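Take a look at this one chain, the form predicted on its own, written out in structure tokens.
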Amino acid sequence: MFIPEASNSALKVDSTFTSILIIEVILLAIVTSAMVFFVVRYNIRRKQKPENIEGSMFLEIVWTVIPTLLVLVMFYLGWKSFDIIRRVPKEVMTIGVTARQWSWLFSYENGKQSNVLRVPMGQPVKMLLTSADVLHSFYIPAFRIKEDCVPRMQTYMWFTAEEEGTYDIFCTEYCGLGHSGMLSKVIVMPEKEFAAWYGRAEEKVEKPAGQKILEEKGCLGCHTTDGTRKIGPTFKGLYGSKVTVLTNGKERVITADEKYIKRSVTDPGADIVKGYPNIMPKLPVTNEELEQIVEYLETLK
């Protein structure tokens, strides 16, 4: 499948890899040809008499100098591409990226937050990356850029999107059972269209507060609100239902009431829903946020 070259670094990275590939193919052809020649030329059926070879200073110099020069050329090509990728322009838009199991959160300088990345076409963008839990890796194939998201540490990457469109975002560091579902999109917009979106206030008819909290905390990376089974049980129809759980290794059936939901958030290992792994982290939430989550789950009948 063809992946477009949609950023300033994509063409440079592809050119570097293509140059190195050409060098490798030429070397492969030379080595393979030499091997075939010697197999045929000195086949035992030809009854050639072996000769004692003392060595050749010329050959020793050739097969030392040429590979050294090739390595230096490949290093130079790689270094030039790396330098471009890491040297951030002075005038850039900064966007924060928070990775968590198993979703992305993008935070803009004006306070906007989204689980989909929107950027202006033709404007340099610097991403400040971190992780809320384990090691992740932020990767946009169409931009040919990738950088690790490390807990308690801030890393960075930058790019200039040059083609309008929607492109995939992946996590390329295995981060647990939901790794394959840790997906998002980057939407490259014309500058005027992006400026309108960036400056537009959030609509007054907003999502329920509880839903927004679940999205911001990354809960919907493991749970769904439509009944679909993921790594964690669905939220649809959960409130008031009978749930089979394991408590201290013992199986029991309890009602998913307000008390149970709050305990599941603040102490997720206390009652583990049967059939699901004990992998949910303890979420940093306030009492007010807990109340809003419970109120929202009540509506998901």
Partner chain sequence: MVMDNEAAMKAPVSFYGEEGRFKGIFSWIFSTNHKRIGIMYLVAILTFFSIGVILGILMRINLISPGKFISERTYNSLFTIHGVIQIFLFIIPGIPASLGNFFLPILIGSRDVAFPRINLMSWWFYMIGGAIVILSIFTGGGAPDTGWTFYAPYSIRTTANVSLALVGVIFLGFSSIFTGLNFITTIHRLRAPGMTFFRMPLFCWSLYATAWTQVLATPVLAITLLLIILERAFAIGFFEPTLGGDPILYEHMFWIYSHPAVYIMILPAMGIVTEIFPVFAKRTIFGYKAIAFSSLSIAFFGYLVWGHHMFTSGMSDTARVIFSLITFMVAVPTGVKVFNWIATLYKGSIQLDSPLIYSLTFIFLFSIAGLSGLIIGTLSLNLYLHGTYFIVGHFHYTMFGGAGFGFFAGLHYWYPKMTGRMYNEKTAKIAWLTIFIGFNILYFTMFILGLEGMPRRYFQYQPQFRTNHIISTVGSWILAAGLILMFGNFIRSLFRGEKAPMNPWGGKTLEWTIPSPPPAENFEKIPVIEHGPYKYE
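The term rigid core refers to the maximal set of C-alpha atoms that superpose within 1.5 Å between the two forms. Quantities reported herein were computed from a predicted structural model and do not represent experimental measurements. Positions refer to the first chain, counted from 1.
Quick note: we don't show the form predicted in complex with the partner chain, though the next part is all about it.
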query = Closest heavy atom of E24 to the partner chain in the predicted bound form, within 4.5 Å or not?
reply = yes
ask   = Quick one: is T225 in contact with the partner chain in the predicted bound form, heavy atoms, 4.5 Å cut-off?
value = no
task = Verify the contact flag for Y139: yes if a non-hydrogen atom of it lies within 4.5 Å of a non-hydrogen atom of the partner chain in the predicted bound form, no if not.
result = yes
message = When the contact criterion is heavy atoms within 4.5 Å, does N248 count as touching the partner chain in the predicted bound form?
response = no
Residues T166, R200 and L290 all lining the partner chain in the predicted bound form, heavy atom within 4.5 Å = no
Contact segment among 189-197, 210-218, 113-121, 176-184, judged by heavy atoms lying within 4.5 Å of the partner chain in the predicted bound form = 176-184
query = Out of I95, V92, I231, L105, which one falls within 4.5 Å of the partner chain in the predicted bound form, going by heavy atoms?
reply = I231
query = Only one of T32, S241, T244, T266 has a non-hydrogen atom within 4.5 angstroms of the partner chain in the predicted bound form; which is it?
reply = T32
key: Stretch 58-83: residues contacting the partner chain in the predicted bound form, 4.5 Å heavy atom cut-off   = L59, E60, W63, T64, P67, T68, V71, L72, M74, F75, G78, W79, S81, F82
query = T68: CA shift of at least 2 Å between this form and the one not shown after core fit?
reply = no
query = Do you see a C-alpha shift of 2 Å or more at S241 between this form and the one not shown, with the core held fixed?
reply = no
query = Would the C-alpha of S56 be classed as shifted by 2 Å or more between this form and the one not shown after rigid-core alignment?
reply = yes
